[in-house]
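Here we start with a single chain on its own, the form predicted alone, put down as structure tokens.
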Amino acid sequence: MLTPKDITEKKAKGEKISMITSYDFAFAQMAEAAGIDQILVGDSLANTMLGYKTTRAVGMEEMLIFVGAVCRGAPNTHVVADMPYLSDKDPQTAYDNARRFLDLGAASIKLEGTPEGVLEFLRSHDVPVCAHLGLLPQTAENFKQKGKTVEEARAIEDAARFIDSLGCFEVVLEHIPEELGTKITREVSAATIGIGGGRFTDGQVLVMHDALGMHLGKNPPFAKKFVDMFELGVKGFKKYIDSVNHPQ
């Protein structure tokens, strides 16, 4: 299993870091068998697994179930547990919830933005933190690209320097201009993981359902589909139905 130190060392060596979301035992097994560097149990499971419109719809109890399943399925892979909406509303609450994830077997936690005092408290208690900057789905008013204006870009860059000063080992950069992603990657010692952050971050993360083509509809513009599992699944179900209707 890659440790936070291993991940920052991969960055220092110029080696790329692969991260994918996964939410259950079976797909975690698949990701580990493929040799993925990190599995993110994202609060995106609200959309992909539970059919909600917003990631705010899930809390700690749901996340604990899914994180536990993934840790059991991929015991030798670095699992990042996503802190759901309001689970980091103050430093002590954030620490208590982070500990629950770590006690299940997660190697680190991820949280969005820089909530006042929270990152400092977590790092002072040696909690491994993957930060998340740029588009922040839990609080975003829209899902347009962030960092396009000088002011927005400066704020994201300042936040990246701040999380780096605290010793956060990694930061997800979501839906920002490639130039900004490249600049931040060069400026910080933390590993940068892009999801719509350009080609030159230290690694990439995709939602499993986008990468494997597991849902109807279009992928986000920055999410490549590598296989069409939805179509394969429908074909499989049709073959099953046919076998029921025409037993041999």
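Predicted, not measured: the structure shown is a model, and the values here were computed from it. Numbers for residues come from their place in the sequence shown, where the first is 1.
What comes next is about the form predicted together with a small molecule, which does not appear here.
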Answer for residue 40 alone: is it within 4.5 Å of the small molecule in the predicted complex, judged on heavy atom distances?
-> yes
May I ask you to check whether residue 195 falls inside a 4.5 Å heavy atom distance of the small molecule in the predicted complex?
-> yes
Is there a heavy atom of residue 174 lying 4.5 Å or less from a heavy atom of the small molecule in the predicted complex?
-> yes
Does residue 58 make contact with the small molecule in the predicted complex, using a 4.5 Å heavy atom cut-off?
-> no
Which of 183 to 191, 24 to 32, 41 to 49, 211 to 219 sits within 4.5 Å of the small molecule in the predicted complex, heavy atom basis = 41 to 49
